[in-house]
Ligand code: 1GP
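Listed next as structure tokens is one chain, alone, in the form predicted on its own.
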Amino acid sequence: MKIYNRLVEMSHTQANYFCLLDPDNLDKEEAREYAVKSEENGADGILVGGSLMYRDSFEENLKIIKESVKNIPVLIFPGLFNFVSPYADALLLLSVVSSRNAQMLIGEQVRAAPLIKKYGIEAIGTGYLIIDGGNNSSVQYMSHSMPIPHAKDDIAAVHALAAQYIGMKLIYMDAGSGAVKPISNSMITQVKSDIEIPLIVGGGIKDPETAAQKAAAGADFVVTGNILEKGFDTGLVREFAQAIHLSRKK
């Protein structure tokens, strides 16, 4: 089964929890430990990536992460598209549809295309929306993109809808690493009500209660990353997973 089909099935079953691991911030043992503990404590998938590749440890740690989990998908979440590797189940082929920077809309994807073909990795077209999280995030700075204002639900919705009509298979709304405030529940609900494809939400989600709210508002996949980098707390991962999984059963 293709990974995308699996993600669609997952989105129809429950709200899901993804742990985001930045391979540039991990050594080999941490990459292995964090991957194993993510799966053991209820994560439904692992995203691997970051805005920079300072230490050139991406592919090595990605391979370790993939080898360390048994039953959950490992997806590349690229910053720039030198983040292409065969050591993953699939790659989120992001197009920053909230940007007007042509390099992030199509330029980086063109650069990545030959490697994606060479490796035969499944590429999942993903409409990526940067949402104002109250600070100048790494992704905003690196992509030279103005974020969608926090309170402009309608602007986010029409961008997501346009991405779907273009042919994107997922929508990913991101307030960015270390966001002061997460994407609002009303924006998530508005976007989800207008699209027919799975919705991923991340950025600024610091506690399980907030994560559950995002899932209840309509997020099919809730992502945490920065909160885990402060020390991988297995209990916290478990609490995030349980809160998200229960969010639509109340």
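All figures in this text were calculated on a predicted structure; none of them were measured in a lab. When you see a residue number, it is the position in the sequence shown, counting from 1.
The form predicted in complex with the named molecule exists for this protein as well; it is not shown, and the discussion that follows is about that form.
Contact with the named molecule in the predicted complex, judged by any heavy atom within 4.5 Å, is made by just one of G79, G125, P73, G178: G178. Of the heavy atoms in G225, some are within 4.5 Å of the named molecule in the predicted complex. The closest non-hydrogen atom of F83 lies beyond 4.5 Å of the named molecule in the predicted complex. The shortest heavy atom separation between G45 and the named molecule in the predicted complex exceeds 4.5 Å. In the predicted complex, the named molecule lies within 4.5 Å of some heavy atom of L20. With the named molecule omitted here, the record of contacts in the predicted complex names 166-174 of 98-106, 149-157, 166-174, 114-122, defined by a heavy atom within 4.5 Å.
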